[in-house]
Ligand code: HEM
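Presented below, as structure tokens, is a lone chain in the form predicted on its own.
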């Protein structure tokens, strides 16, 4: 977390991550070009500039698939949540690679005439536009998301607006697929590339459907109310130590009930930073820790440890008849609560 503006809050971990990512991108382009030259030997060789633009375009699509897969993967397999920490770096890298692809395309196809090279590529002699324009639109969407990926914009817009705006990554994905289908696939005779693109779309769609279905079933199973409106959370002993159980309230809001030893506390499931699923994190250093970017909150009052100032709503808990229940009415962000013991109310 940061309490002051910095262009990029570099850490050693992030520097190593970015260096490894850059090296992997360079290796991908190199391997792609070598394999292409092996598949297309003289006299059917492909010119180096075209190989470079194909390699960069393919790499951008691969990176975009990885970016979109991280979210559902983290929900389905918690051990992959570490991938969330640098997802924004990966998204910016996707834009940079896509931008390099466009730069090579505009330079190669539009750089030798008297017209603006961008317009020369996007607008055909008869005034119509084609798949190149669709790719340009996708690049603009990626540009907006990369430019607003900094926490400055997150704080300025609020995580609700910011998150909704960044859902446009799915619009970019659809535009990229259309760009490829109506572009290179129309002239590509091999079935390898259409099958790879279809496979990627099916994998992404499947991951999102399975993750969404699991979340829907979890919400549906946590709607039991007592006679006075408190929501049943379940047997407190079934909540793993240092972890949480997430329940959905009638309002649609979600509450994370954390267990720390034999004590239970309830917080909003929405992290104040980027709206991350706090209940999918764990208790570290005595604080509930968001799995997305490591924002932390004391479980008894929903306040970040000093010098940080973030606060989230807390909820009252009680244990009756061996079941823990949560009051669906949230306290003001940062309101202290008294943790309940799992042995209260007849729990064994």
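Positions refer to the first chain, counted from 1. Since this is a predicted model, take the numbers as computed values, not measurements.
Here the subject shifts to the form predicted in complex with protoporphyrin IX containing FE, a form of this protein not shown in this document.
- Taking non-hydrogen atoms only, residue 292 approaches protoporphyrin IX containing FE to within 4.5 angstroms in the predicted complex.
- The closest heavy atom approach of residue 167 to protoporphyrin IX containing FE in the predicted complex falls within 4.5 Å.
- Within this chain, residue 54 lines the site of protoporphyrin IX containing FE in the predicted complex, having a heavy atom no more than 4.5 Å away.
- The closest heavy atom approach of residue 149 to protoporphyrin IX containing FE in the predicted complex falls within 4.5 Å.
- 163 is the sole member of 243, 163, 254, 263 with a non-hydrogen atom within 4.5 Å of protoporphyrin IX containing FE in the predicted complex.
- Residues 230, 288 and 302 are none of them found to lie within 4.5 Å of protoporphyrin IX containing FE in the predicted complex, as judged by heavy atom distances.
- Looking at 54-62, 279-287, 33-41, 305-313, the stretch with residues near protoporphyrin IX containing FE in the predicted complex, meaning non-hydrogen atoms within 4.5 angstroms, turns out to be 54-62.
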